[in-house]
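Here we start with a single chain on its own, the form predicted alone, put down as structure tokens.
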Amino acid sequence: MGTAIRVEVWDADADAGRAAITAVMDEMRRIDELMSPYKPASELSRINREAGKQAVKISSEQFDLIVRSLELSKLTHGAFDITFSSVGYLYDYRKRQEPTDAQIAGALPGINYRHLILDRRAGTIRFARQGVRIDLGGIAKGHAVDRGIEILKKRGVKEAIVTAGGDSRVLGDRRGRPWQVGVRDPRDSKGMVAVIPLINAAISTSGDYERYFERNGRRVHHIINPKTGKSSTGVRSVTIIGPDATTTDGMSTSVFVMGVAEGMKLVDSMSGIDAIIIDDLGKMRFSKNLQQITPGDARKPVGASKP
């Protein structure tokens, strides 16, 4: 998945615990093989090659995650849009390459979640026009984390954390105390701006520091605004806390694109969702129901009371 995966479990049987971790890692690899846009043999790559020409039959898992993505697109009025890749694939952050304005203008009409035509009965997807590409990078890692937690539950694990990059979900508590998940300082890779105590909850952070390069005083990063085809501005990072990692992953990307005012308004309208936004001046903003929890703060943990 192009990121570090971490699994920690508590189990009275060490061998059972190790086997559970192995099972989660195997599931992560399976999902990567299915949904990676960088692997030519993946189902997602096949969709991008063929769906502009004909309907493509896909797995129910991929179908359902695309449906979930479209629901988020409608909720956020297009701020979340997996067709961003119609322009996004033109960027290469390792090589410090970005498309020209003319290239963006030529590819931008491909960005529109309404171009995706799904047939539930046939289990197929097709694109309404040529030039459309999809990328599930804004939601697939959260999905993988949730799948990992489900595997652990089925194996009887009561206390665990599964992390994929900026997406984490905790199961239960950590031997009687909350799990502590840090929120990184977007301008200091070793610094934390907050530590959030969690029980049975998920947390995701999207930041402009994950994949980026600097050019002429601009930070060119991987969170693309679907309206412009360029890196979103106005925010350095967004952290979302919620019931599952698929939701928090997708919401962190959405709110980043929406910006502080519109994004926080959406969060505050949703039940069970909280946010910490760090704007482009470094100021932290908190959703209305989220207590400001800093290192050493012993207040009530965030999360549901039941697994």
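Counting begins at 1, following the sequence as shown. None of these values were measured; they are calculated from a predicted model.
This next part talks about the form predicted in complex with a small molecule, which is not shown.
- When contacts are judged by a 4.5 Å heavy atom cut-off, Ser86 does not count as touching the small molecule in the predicted bound form.
- Within this chain, Glu210 lines the site of the small molecule in the predicted bound form, having a heavy atom no more than 4.5 Å away.
- Contact check for Val162: every heavy atom lies farther than 4.5 Å from the small molecule in the predicted bound form.
- When contacts are judged by a 4.5 Å heavy atom cut-off, Arg147 does not count as touching the small molecule in the predicted bound form.
- Between the options Gly229, Gly110, Pro178, Gly137, the residue in contact with the small molecule in the predicted bound form by a heavy atom within 4.5 angstroms is Gly137.
- Scanning Leu152, Val132, Ile199, Ile223 against the small molecule in the predicted bound form with a 4.5 Å heavy atom cut-off leaves one residue, Ile223.
- You can rule out all but one of 99-107, 170-178, 187-195, 72-80: in the predicted bound form, only 72-80 has residues with a heavy atom within 4.5 Å of the small molecule.
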